[in-house]
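Only one chain is given next, in structure tokens, and it is the form predicted alone.
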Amino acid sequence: MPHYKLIYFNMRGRAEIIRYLFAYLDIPYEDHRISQDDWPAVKQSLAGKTELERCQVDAIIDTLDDFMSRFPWAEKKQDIKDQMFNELLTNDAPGFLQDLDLYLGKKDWLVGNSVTWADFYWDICSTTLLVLKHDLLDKHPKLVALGIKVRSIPVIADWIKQRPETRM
């Protein structure tokens, strides 16, 4: 059984729902609480190196999440689901991808000069979208290259090799 370690501030906050779920499901975990003063030492650089970069990462994550949440993943009627997916992939995705491509521009990463979790999230979202429409990124080689760059990071490449094989 895996060992879970929940790292959060010494408060309820956003972590409290996770604590409730662990308690309800009777899952043991380590409740590791940190002070605000200790946060800079704990925080990973994957969120951006400056306050502006952190805001940009958050904006990209929220934008990707907003787009992905428009898909009716839980729709039970397959014909309705197929129609809605097709409409989003045909009508909405091209503009969304064009905007993201313009934002990336000539940069290597979406934000700053090193990888952030926005780059990771882009790769996860894009690989899912490509399952649904294999030619979706044909007009966006820079976005394709970004995904390749993410998947080429040794620890990410190792994870991809060992993760369970699923369609999405």
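The first residue of the sequence shown is number 1, and the count goes up from there. These numbers come from a predicted model, not from an experiment.
Beyond what is shown, the protein has a form predicted in complex with a small molecule; the following relates to that form.
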task: Would you mind picking out the stretch of 102 to 110, 31 to 39, 66 to 74, 133 to 141 that comes within 4.5 angstroms of the small molecule in the predicted complex, counting non-hydrogen atoms?
output: 66 to 74
- prompt: Taking 4.5 angstroms as the cut-off for heavy atoms, does residue 7 touch the small molecule in the predicted complex?
  reply: no
- prompt: Taking heavy atoms only, is residue 121 within 4.5 angstroms of the small molecule in the predicted complex?
  reply: yes
message: Can you tell me if residue 128 lies within 4.5 angstroms of the small molecule in the predicted complex, counting non-hydrogen atoms only?
response: yes
